[in-house]
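Starting off, we have a lone chain in the form predicted on its own, written out as C-alpha cells.
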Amino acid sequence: MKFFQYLLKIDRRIIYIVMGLLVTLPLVKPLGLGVTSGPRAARLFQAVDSIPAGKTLLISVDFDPASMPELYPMLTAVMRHAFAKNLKVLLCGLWPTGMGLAIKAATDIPPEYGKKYGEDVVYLGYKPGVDAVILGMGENIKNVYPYDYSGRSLDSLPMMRDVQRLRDIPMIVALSAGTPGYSDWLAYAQSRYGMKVGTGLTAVSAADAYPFLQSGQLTGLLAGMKGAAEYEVLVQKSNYSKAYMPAVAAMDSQSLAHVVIMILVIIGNIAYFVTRKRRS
C-alpha cells in the first residue's frame, strides 16, 4: 500500500530527468530498436541498387529546413548508397529553400567515399518554373542549367559530358515536403521521358502517394522518419556505410519515450485504483 502511495507522489522532476536521459542517449548512440526494412523502402533500395555502376542518379531536393529532420537523412542515405555502388549523383531542386541543404550534402557526403565534385557529384541549383524546368531538362539539361549552383559551366565538369538530358539518367529520387515535388516529376519526367521515379516524403504527405505506388508509377517510397530509418538500416546491412544514422537515432529516442509514457500511465492507473480501493 505504501509503495503505491509513494508512486503517486514521485517528484515530477525525477520523471523529467528519466525521460530526458532516455530521449538523449539514443541520439548519441543509436540502438536500432525494432527498425526493420518495410516493403516500400526495400523497393526503392532495390531500384537504386540495380542501377549499373557509372550511371547517374538524379536527386531532387524539394524541401526546406522545417522538414529537414525527416527528409535530410533520406538524402544522405540515398547518396551514400549511390556512391557505394559507384554511381554518379546529380542534384537539383524545385524549392529555393532546399539549396543550402543540397550544398551541405554535396559537400559532406562525397569525401566519405573518395568522390570529387564535378567528377562524381554535381549540384545544379534552383530554377523557377517547375514544368518548364523539367521539360527543358528532358530536352537538354545545359539549356536550363548552363552553370551549376556556384557559377561553374557544366561544360567544365567532367561528369556532365555523358549526361545531356533526362533520358541519360535511369532514375530520380524526389525528396518532397509538398508541392512542387514528386507529383511533378511523375507528370513530366516519367510520363514523357520514361524515368523511374522514387520518392521520400514527410509522414503527413505519405498517404497521398500510396495510389501512385500501388499503380507502379512510383518505384519506391520512404515515409517520414521511419522510412528514412529503414533506408539507413538497409544501407548499413549491405555494408555500404558505417556512418552515424540520424533517423535511426531519432526513432530510438521516440520509441523509448513512448514506452516510458505507457509504463507511467499503467503504473499511475494501477496505483490510483489500489489506493482508492483501500481508502474506501
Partner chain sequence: MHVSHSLLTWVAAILTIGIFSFLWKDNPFYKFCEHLFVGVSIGYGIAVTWYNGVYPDLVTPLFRQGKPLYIIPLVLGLCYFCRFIPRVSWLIRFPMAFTIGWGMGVAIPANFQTSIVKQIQGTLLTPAIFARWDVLLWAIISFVGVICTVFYFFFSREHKGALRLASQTGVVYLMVGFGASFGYTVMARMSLLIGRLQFILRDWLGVIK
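Residue numbers count along the first chain shown, from 1. Keep in mind it's a predicted model, so treat the numbers as computed, not measured.
Not pictured, yet referred to below: the form predicted in complex with its partner chain.
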Exercise for the section: Name the stretch: of 68-76, 129-137, 116-124, 146-154, exactly one has residues whose heavy atoms fall within 4.5 Å of its partner chain in the predicted bound form. Expected result: 68-76
Practice task
May I ask whether T56, R165 and L234 all come within 4.5 angstroms of its partner chain in the predicted bound form, judged by heavy atoms?
Solution key: no
Handout entry: Partner contact for T219 in the predicted bound form: its partner chain, 4.5 angstroms, heavy atom
Key = no
Handout entry: is_contact(A203, its partner chain) in the predicted bound form, heavy atom dist at most 4.5 Å
Key = yes
Practice task
Answer yes if any heavy atom of M225 is within 4.5 Å of a heavy atom of its partner chain in the predicted bound form; otherwise answer no.
Solution key: yes
Exercise for the section: Mark S253 yes when one of its heavy atoms lies within 4.5 Å of a heavy atom of its partner chain in the predicted bound form, and no otherwise. Expected result: yes
Practice task
Let me know which residues along 255-276 have a heavy atom within 4.5 Å of its partner chain in the predicted bound form, or say none if there are none.
Solution key: A257, H258, I261
